[in-house]
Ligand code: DX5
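Next up: a single chain in C-alpha cells, the form predicted on its own.
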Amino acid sequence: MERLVAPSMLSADFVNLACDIEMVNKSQADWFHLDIMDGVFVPNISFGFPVVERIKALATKPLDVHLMIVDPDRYLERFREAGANWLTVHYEACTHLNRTLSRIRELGMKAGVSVNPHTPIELLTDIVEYADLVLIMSVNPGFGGQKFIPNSINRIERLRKMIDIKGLPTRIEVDGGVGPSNAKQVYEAGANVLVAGNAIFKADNPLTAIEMIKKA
C-alpha cells in the first residue's frame, strides 16, 4: 500500500514561508497540506486565498486543501482557481454532501470528505464512493500540536474495511498528532496519507522527519 506524506503548512514559519516551501519541494514529501479555518466551524483562523495562491506559485507538488469552514460550497470555484488539486470538506459542514463532492470533481479537483473524532465512520457508507479521499481527524480540529487520539486506529481500520469491501480506490488520510513515533501504526491500520505539522516543522531536521514518517 502506498505511503504518502503531506506536511501541514499551518506549522510552517510564515515569516520565512518560501524557505519552508522549498524544503518541502526538495523533500520526500508528496503533497502540501493546507488547513483553511474560518473561526466558526473551528475555534481558530488560519489563512485564505492569497496565501494559497502564493504557495501554489512556489510549490512543485500538489496542494491538498482541507476546508474547516461553514458552507464550503460558496468557495469551491475559488479554491480551484487558487490552485487546489485535492479539496476536502467536512461531513459535519455539508447539508448536501453528495452534491458538494460531485461539484468538486466537476471542477477538476479530487474530492475529499473529512470526519471529526466524534463522527461515526459508518455514516460514510453511502457517500464514500463519491470521495477520492477520506480524511480522518485524529485530534479535534482547530489547533496544531495536539496529541493523537488512540481510538483513531480503530476508526482507520473500520474505514479501510469499508473501502476494501466496496472495492474502491478511495485513499485514507489521517491528520492530527502524527509523527515518526506512530506513523508505522497508522499506516498499518490502513492509511495511505499522513499529515504532519509540528512533527516536521519543529524537528531539528525536517527533511529527516519526513523521511522517517514516509519509511515508518
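All residue numbers are counted from 1 along the displayed sequence. The structure displayed is predicted, hence computed values, not measured ones.
Keep in mind that the form predicted together with D-xylitol-5-phosphate (DX5) is missing from the display, and what follows is about it.
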query: Contact flag, Pro117 vs D-xylitol-5-phosphate (DX5) in the predicted complex, heavy atom cut 4.5 Å; finding: no
query: Contact label in the predicted complex: Gly197 to D-xylitol-5-phosphate (DX5), heavy atom within 4.5 Å; finding: yes
query: Heavy atom of Gly108 within 4.5 Å of D-xylitol-5-phosphate (DX5) in the predicted complex; finding: no
query: Met68 within 4.5 Å of D-xylitol-5-phosphate (DX5) in the predicted complex, heavy atoms; finding: yes
query: All of Asp35, Met137 and Phe143 within 4.5 Å of D-xylitol-5-phosphate (DX5) in the predicted complex, heavy atom check; finding: yes
query: Proximity to D-xylitol-5-phosphate (DX5) in the predicted complex (heavy atom, within 4.5 Å), stretch among 154 to 162, 23 to 31, 185 to 193, 60 to 68; finding: 60 to 68
query: Stretch 200 to 214 - residues with a heavy atom within 4.5 Å of D-xylitol-5-phosphate (DX5) in the predicted complex; finding: none
